[in-house]
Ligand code: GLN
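A lone chain, given as structure tokens: the form predicted on its own.
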């Protein structure tokens, strides 16, 4: 059963070939047996999952089942889940039991999806390797001596390792797409505002966006059908009519104009990654797509702009963790200042502290105009570059990451090199556009991801373009040895 996609599992449940109880129990056994090798789950919610599975089977028996009723999933441990620890990968929230469900969690519960557990992640979603977690690094199922990417590395690893058919993630600068690429799965970052952020613990509020991770584009579309929608509790949620994200699954790509940004195909990309991307381009040409070179002249500034905007917003958002209201509190504080300093000093890890310091500096008097305001101006230029490109093309294509998964510990002492892991993904977040990563091949036995970027609210077409590639290739069906 674990070799089936979400679409196939949904069909099997509908036809009565398997029950949700049987399916959920199967995945829980796999988690118990295999997750020690990956460290991909922070919390496994077995009892709650089985209870939800029984309810799903009962709903189906009564004729009240929806498209995904009974299909179990996992949630990144950044989404508040009522009655369950929601740690955000941090010592600061190790003892936090969420008193309510995030909108994303509530939507999946309403859809009848049992929750297998909460997945490991970089602390407060800050990282590109899943090595900053308080609970230890997640291992890549394709090579457990390598990183799974981050910050949604746990979610990517459970899908790749067949420990969940699908999982939620969040993407602030590439944190769905980069781990999807490194683990050989599919993941989409929707248009900013498409998925509610209510109950999703904030890192950088103007950049964060939740999205699905699964084996295939079709699976991601089915999950996005559940996740997306207006939420009055999120002031950045966009009010649009509900839509079916699977509607372009069978739309041919013949005549589709695909843009190739010249900035994405220069120095810095591994030769193996370049080869796989070239092969994917050739495949799309064979399907009748047309390719056009496009210019994104300010994309080279995206990493610099991001690492001003994101830390500035993180500095503000994480100010709430002070040892007073909830979360970690130091022992025997001498006074209020000691409480603040020690609770935050002991509760946050090195990478979170680094970004808080950078962000506080960028927002301080005398530096706001020089750094934060300048970064926001660059952000606008990047968005305008994409707007110009989409006047000429329908979709933009390029690599998701400049390399395959690197070894654990290889970049932990070099933050700048680590930050460059997201060089192809960050511009999308700054512009608020939708983008996805899909598996496109292998280099030296490790997965390579292909990135597709769309115009605002064009997720359905993006997913359809990805699906047309996947029905003609084998990559999305491949599983790492030892997790088959």
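Just so you know, these numbers come straight off a predicted model, no measurement behind them. Positions refer to the first chain, counted from 1.
Below, we refer to the form predicted together with this ligand, which is not included among the displayed structures.
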Indicate whether residue 77 is a 4.5 Å heavy atom neighbour of this ligand in the model of the complex.
-> no
Contact label in the model of the complex: residue 87 to this ligand, heavy atom within 4.5 Å = no
Partner contact for residue 171 in the model of the complex: this ligand, 4.5 angstroms, heavy atom | yes
Contact flag, residue 192 vs this ligand in the model of the complex, heavy atom cut 4.5 Å = no
Just one of 234-242, 329-337, 300-308, 100-108 has residues with a heavy atom within 4.5 Å of this ligand in the model of the complex, so point it out.
-> 300-308
Here the chain is shown alone; which of 186, 119, 128, 133 has a heavy atom within 4.5 Å of this ligand in the model of the complex?
-> 128
The unique member of 139, 344, 355, 248 whose heavy atoms fall within 4.5 Å of this ligand in the model of the complex = 355
Within 200-216, the residues having any heavy atom within 4.5 Å of this ligand in the model of the complex are 203
